[in-house]
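To begin, one chain is listed below as structure tokens, in the form predicted on its own.
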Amino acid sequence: MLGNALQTICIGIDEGKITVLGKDLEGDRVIDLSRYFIMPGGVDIHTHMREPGMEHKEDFDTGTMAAAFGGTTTILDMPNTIPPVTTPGSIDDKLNTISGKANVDYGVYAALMPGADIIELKKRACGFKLFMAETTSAQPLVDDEMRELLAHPELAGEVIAVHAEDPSLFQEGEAQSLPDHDSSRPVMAETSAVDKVLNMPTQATLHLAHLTCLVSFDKALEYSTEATPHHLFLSSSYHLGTLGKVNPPLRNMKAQASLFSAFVRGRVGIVASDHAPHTLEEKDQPFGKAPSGLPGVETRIPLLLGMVRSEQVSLGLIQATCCHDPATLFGMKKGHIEVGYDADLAVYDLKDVTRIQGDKLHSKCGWTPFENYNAIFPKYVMLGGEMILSENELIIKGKGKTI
């Protein structure tokens, strides 16, 4: 797919890059994929691969394997690990720990914290994460800390992904259900946080992660924004129990339907998974004790492609939100089928619709909130011009590199 147009075309590749697009090309090796639909490899800018420190939930091998099986060839990993990525030393340690394990290309975020060595961190990190509220293994900043950090001149042009929730508007007490969780971290906590951060002077590029309501998107029309598949497809009225517990929460059915409608109209910006797995044993606790977060890197694009068959979502919209726009935000030569871009490609049979089954996915956690949803998974995946996945088998491991 070139731009928003379906075309029959040959893709010439040399040294991992797309070098020519045309008809009837010749080369040393020819792969006939004329039966299939080819998209750029997906770019997922919001994942939690849990390494280091929480490898019992996920690690870079299993998490990036899941990405590949879902047609995603580049992931960016968040810093709320154990220990958190807050210093040049901790980011070096993380990069050393995961080196050679990744099955797709990757970058890592650093957490934006008081006293951070921003000059050294930005040499190593793909971007920064700013937590305005508590979530798994992350502590929030107070307003004065955020204001001072955002004004730092060395952040000019750097991408800062923002977890936008205002904890001063959270309700006290322990939630006992998904509707309770929605009420305890209400929409107004999100919209208040969006107002706050957008009114703090900065030369950085702000990216508002996992927004859940139309008001937030309307407030951030001139900024980079993100929605997740779980907020697009799931609501607090679904009988998911702790498997649907996530921060920010799933919203009620009306809000979820409005968000999905806005997505279809092209109003939500980027779609990222916020892949944040926990084990079933950890989720199998009373609601208030269970951790927040759910897996999604493998199902992000296949779920959306599953809706193309029912004509609810267009191929162009999927390519824009899951490939083009996230790559462009971070200045990657990825996410497009164009000369000079990385030859990262995902190949699909759009007639091959399957049902998602958690025990058939590749994340270490072994479950999904999208059980039995329709999906279209890739037949082949190419990374840097080399086929890494073929007919439901990862044929090359550890090929991923830092970006």
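In this text, residue numbers run from 1 along the sequence as written. Not measured: the values here are computed from a predicted model.
Beyond what is shown, the protein has a form predicted in complex with a small molecule; the following relates to that form.
In the model of the complex, at least one heavy atom of residue 80 sits within 4.5 Å of the small molecule. For the chain shown alone, residue 164 is not a contact residue for the small molecule in the model of the complex, no non-hydrogen atom being within 4.5 angstroms. Looking at residue 237, you'd find every heavy atom of it more than 4.5 angstroms from the small molecule in the model of the complex. Contact annotation: residue 87 falls outside 4.5 Å of the small molecule in the model of the complex, judged by heavy atom distances. Scanning 306, 127, 293, 326 against the small molecule in the model of the complex with a 4.5 Å heavy atom cut-off leaves one residue, 293. For the candidate set 321, 135, 242, 256, a heavy atom within 4.5 Å of the small molecule in the model of the complex is found for exactly one residue, namely 135. Only one segment in the set 199-207, 268-276, 326-334, 139-147 has residues whose heavy atoms sit within 4.5 Å of the small molecule in the model of the complex; it is 268-276.
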